[in-house]
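Here's a solo chain for you in structure tokens, the form predicted on its own.
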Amino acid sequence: MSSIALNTSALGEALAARTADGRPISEVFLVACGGSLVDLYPARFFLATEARRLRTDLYTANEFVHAAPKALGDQSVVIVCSHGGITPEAVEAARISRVRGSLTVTLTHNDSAEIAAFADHNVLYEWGDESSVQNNPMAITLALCLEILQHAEGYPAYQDFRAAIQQIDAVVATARHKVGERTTAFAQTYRDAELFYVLSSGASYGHAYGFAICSLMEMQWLHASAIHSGEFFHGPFEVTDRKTNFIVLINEGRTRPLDERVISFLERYAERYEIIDARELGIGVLPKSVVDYFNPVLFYSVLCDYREALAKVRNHPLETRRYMGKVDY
């Protein structure tokens, strides 16, 4: 049995037990920091889009700690993700959730993580180039939230979603092969760039944000900002000129027209833009009913190759830091 199946099976049993006790789940809170928060965004978009009654929200951990929602209680599921499992605000968020009686699920890559002490269920996920995409935190959280929605109110596309989870590794492998030469060309073109705007929509807006703050700002010390494709024409497009750098992640699914509108504008008024199109990269083999939610899984893996190529030509290793883990903050 796959790790996803084991994780969702255990969660399903816990949800059923709470319902039997008269405590049916009414809300799901997704909590993390930085890159881990980005991993939770697709699940938040999925629940917010598909749930009819189930409430959901996404919190950066320190805000959750200092301004926890009043609804947090024994009818809540809280999913807290921390890669190392020792981030203080994430650990405290899990502790508060457990104290308030929520069904608390933690995700970490560290088998001795401090955060696991405050979990009803701790999920140890895979990481690295050799790991299965479906056993990484983004896909695992989607799978967990699929089970929560199915249990709470049913989900017509449940089987399609499960099929997509099984297909996503092959889709990602094909996409990474396709962009091999493109990543090298991108790195050469933008090796001296100092500012990027990263755009997307739907479930992938979270990854536009993540690529900006983690891959470019944290790992490359470059200025960057994420812009929702739907908001581009409500102010941000005024900075467009022939010298400004854009990266646009084009989704397959219902929000694709938002991304395509951005491209149509850039084709007229910009010159320096990189298009990464999930449809062109092959995500269309997934069931149409759920493909929206898997775009960011594809984009994450592909953009890892983009950032690696950029780091190489800039002679700036992705692991280099000047503040994180080095000074008090």
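For every residue, the number given is its place in the sequence shown, counted from 1. All of these numbers come straight from a predicted model, not from anything done at the bench.
Below, we turn to the form predicted together with a further copy of the same chain, even though it does not appear here.
Colleague: Heavy atom to heavy atom, is residue 181 within 4.5 Å of a further copy of the same chain in the predicted complex?
Modeller: Contact check for residue 181: no, nothing within 4.5 Å of a further copy of the same chain in the predicted complex.
Colleague: Any of the heavy atoms of residue 101 lying within 4.5 Å of a further copy of the same chain in the predicted complex?
Modeller: Contact with a further copy of the same chain, no.
Colleague: Evaluate residue 224 for contact with a further copy of the same chain in the predicted complex, applying a 4.5 angstroms cut-off between non-hydrogen atoms, and reply yes or no.
Modeller: Yes.
Colleague: Would you classify residue 127 as touching a further copy of the same chain in the predicted complex, given a 4.5 Å non-hydrogen atom cut-off?
Modeller: Although a further copy of the same chain is absent here, residue 127 would stay clear of it in the predicted complex, with no heavy atoms inside 4.5 Å.
Colleague: Given the stretches 82-90, 134-142, 102-110, 159-167, which is the single one in contact with a further copy of the same chain in the predicted complex, using a heavy atom cutoff of 4.5 Å?
Modeller: Checking each option against the 4.5 Å cut-off leaves 82-90.
Colleague: With the partner absent here, would 185, 190 and 301 each sit within 4.5 Å of a further copy of the same chain in the predicted complex, counting heavy atoms only?
Modeller: Answer is no for this spot.
Colleague: For a quick check, can you give me the residues of 222-244 that have a heavy atom within 4.5 Å of a further copy of the same chain in the predicted complex?
Modeller: 222, 223, 224, 225, 227, 228, 230, 231, 233, 234, 235, 236, 237, 238, 239, 240, 241, 244 sit within 4.5 Å of the partner.
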